[in-house]
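One chain is shown next in structure tokens, namely the form predicted alone.
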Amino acid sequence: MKRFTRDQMAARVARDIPEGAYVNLGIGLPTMVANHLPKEREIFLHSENGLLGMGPAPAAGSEDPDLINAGKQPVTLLTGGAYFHHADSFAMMRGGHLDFCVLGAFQVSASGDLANWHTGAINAIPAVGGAMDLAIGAKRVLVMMDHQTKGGESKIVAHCTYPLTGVKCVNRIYTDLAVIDVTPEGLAVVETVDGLAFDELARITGVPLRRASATAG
């Protein structure tokens, strides 16, 4: 089955980030979005460890060990960017000052519940970080994740079985198979990877899906 690559997923998310938006990119897959943001748009990237105006990853050999994102990956700082205290960064997140956050997930429910910090496995290390603050503080929550687990189970579920990060907080889901909106009427499929029929996506997902209207965005 054909699937979107990681770069294709990141580029698809980047297309949906509008001019002038303040955006937090979560640890892991979401950090790739920074490398695909349209250069003609002015978008302000926030990192919870105290950066605003974060740029894409630096070229190999030009990394600054003191300039990292929340995932400890080297980043760049754009002209006009700023550093500030960790507490101020969390105040921005909790205070509704971010337009978007992009997070990874273990599960997303049909009603938009998010589980992304712990699988409940005995040997798993809980890693909530700032995800709870972002999930309730950002104006729109976008999730990037594989559509299925390595065992072939859907990560989009009727009800999350893992500990929740946030309740009814997810607005749009980007997977390696589809882009899906969480709406009051249920999950609406905006687009799918080439060659994947709607009925097959519905079978793989295992929860009710409908086709989004042509005006969905």
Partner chain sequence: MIDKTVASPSAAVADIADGATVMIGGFGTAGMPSELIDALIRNGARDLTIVNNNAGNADVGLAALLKAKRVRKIICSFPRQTDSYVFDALYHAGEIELELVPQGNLAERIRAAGAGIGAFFTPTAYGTPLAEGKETRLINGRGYVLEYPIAADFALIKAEKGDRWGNLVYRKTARNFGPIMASAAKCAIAQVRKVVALGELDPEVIVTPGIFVQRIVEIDVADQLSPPQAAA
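Just so we're clear, the structure is a prediction, and the values are computed from it rather than from any experiment. Heads up, when I say rigid core I mean the largest set of C-alphas that superpose within 1.5 Å between the two forms. Numbering follows the first chain given and starts at 1.
There is also a form predicted together with the partner chain; it is not shown, and the following applies to it.
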*In terms of non-hydrogen atoms within 4.5 angstroms, which of the given stretches 185 to 193, 29 to 37, 164 to 172, 151 to 159 touches the partner chain in the predicted complex?*
164 to 172
*asked:* Exactly one residue in Leu98, Leu142, Met145, Ala115 has a non-hydrogen atom within 4.5 Å of the partner chain in the predicted complex; which is it?
replied: Leu98
*Does the partner chain come within 4.5 Å of any heavy atom of Glu19 in the predicted complex?*
yes
*Does at least one non-hydrogen atom of Met92 fall within 4.5 angstroms of the partner chain in the predicted complex?*
yes
*Would you check, heavy atoms only and a 4.5 Å threshold, whether Ala70 touches the partner chain in the predicted complex?*
yes
*With the cut-off set at 4.5 Å between non-hydrogen atoms, does Leu51 touch the partner chain in the predicted complex?*
yes
_Where, within 124 to 138, is there a heavy atom within 4.5 Å of the partner chain in the predicted complex? Residue list please._
Ile125, Pro126, Ala127, Val128, Gly129, Gly130, Met132, Asp133, Ile136
*asked:* Given a superposition on the rigid core, I'd like a yes or no on whether Ala105 shifts its C-alpha by 2 Å or more between this form and the one not shown.
replied: no
_Displaced residue check between this form and the one not shown: Leu77, CA, 2 Å or over, core reference_ = yes
*Core-aligned, is the CA shift for Pro163 between this form and the one not shown 2 angstroms or more?*
no
